[in-house]
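Shown next as structure tokens: one chain only, the form predicted on its own.
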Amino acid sequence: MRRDSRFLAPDYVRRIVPYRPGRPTDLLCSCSNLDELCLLASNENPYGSSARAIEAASTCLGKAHLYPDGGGYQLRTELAAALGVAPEAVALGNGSAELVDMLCKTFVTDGQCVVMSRYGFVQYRLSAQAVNAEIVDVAPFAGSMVDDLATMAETANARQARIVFIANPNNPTGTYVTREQLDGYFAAIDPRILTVIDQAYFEYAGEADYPDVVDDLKAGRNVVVLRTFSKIHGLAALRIGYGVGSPDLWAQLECVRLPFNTSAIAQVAGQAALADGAHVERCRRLNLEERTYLGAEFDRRGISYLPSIANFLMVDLHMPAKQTFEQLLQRGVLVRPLDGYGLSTCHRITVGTRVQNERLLMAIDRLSPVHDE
């Protein structure tokens, strides 16, 4: 049957390669004849949610027939107090990815430029493509894979970019830019260009030179900071993230925000998670221990990986990622191949519990040599 062209999306939409989430774990288990998968593909917190957050979410289910607070007043107020900003400087999203989408819809029009890292979070590209932006990706420094902020600023200035997206720590590399590097970037970038710094893994970063970008916002820099409850807080299934920025900027995003974009269950769970500092500290400590353990074991095996300050490692097994992914899956270990980034032999692997990490290492040890097809 001939397709009716009246119902075709614009070319720039049809060119988008949709985000591909991992296959359902139940289906993978049944296909692989496994009882349980070791889930190391999505940077989830293997230690789960705060018990306080689970209790708050469970209690809220009794009011599931009522609409949530559309503005998320209570959660925004508590986040603002924790961050030392006004509540009007905080916005909530259905995950921080929704805020990326809203920023592009609000501030980028047809053909305007958006700058990002070549190996940055894929949502930046998808949201920019959806508004037909000109996308310019900048290669990181060779070897270290740290974002080249000087070139990003130079490129953004030359192209009169509307937005620059920077993930810090970066996903999928786990690398980060320092306070000194970020200060140099802000000294170089045209202040009319909006810089969006995604700190989804902020709570895992303990390095002394790692910058808290809320400080840059307080200093008057044209920046938005994105964070999430999906990672260290373990609320990935509830989809709740937040941004910190100028109240004037958020007022403009209200024009494109969907009503009730965050659920009441997610909001109350976020409040409880925010108050449970002991859970966050425990997860941070265990992640550091296990990341160090995995690094030492990879070193012992001669496996290449990038140093990371997040809860995952980018690992190069020096074999085609599609085939090594399938081999690991057959042994009950699910990782994220990075061939879609052009990193054809690399995987992003979540730092799991000791039991999960030992299972991963056993599966890697049993890999059979494979070659490009």
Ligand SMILES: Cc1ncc(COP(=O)(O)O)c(C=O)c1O
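All residue numbers are counted from 1 along the displayed sequence. Source: prediction; values computed, not measured.
Missing here is the form predicted together with this ligand; even so, the following discussion is about that form.
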| item | value |
| --- | --- |
| Interface membership of Lys231, this ligand in the predicted bound form, 4.5 Å heavy atom rule | yes |
| Partner proximity in the predicted bound form: Gly95 to this ligand, non-hydrogen atom cutoff 4.5 Å | yes |
| Partner proximity in the predicted bound form: Tyr201 to this ligand, non-hydrogen atom cutoff 4.5 Å | yes |
| Contact of Tyr124 with this ligand in the predicted bound form (heavy atom, 4.5 Å) | yes |
| Candidate site Ala167, Asn171 and Arg239: all three near this ligand in the predicted bound form by heavy atom within 4.5 Å | yes |
| Stretch in contact, per heavy atom within 4.5 angstroms of this ligand in the predicted bound form, of 264 to 272, 149 to 157, 116 to 124, 67 to 75 | 116 to 124 |
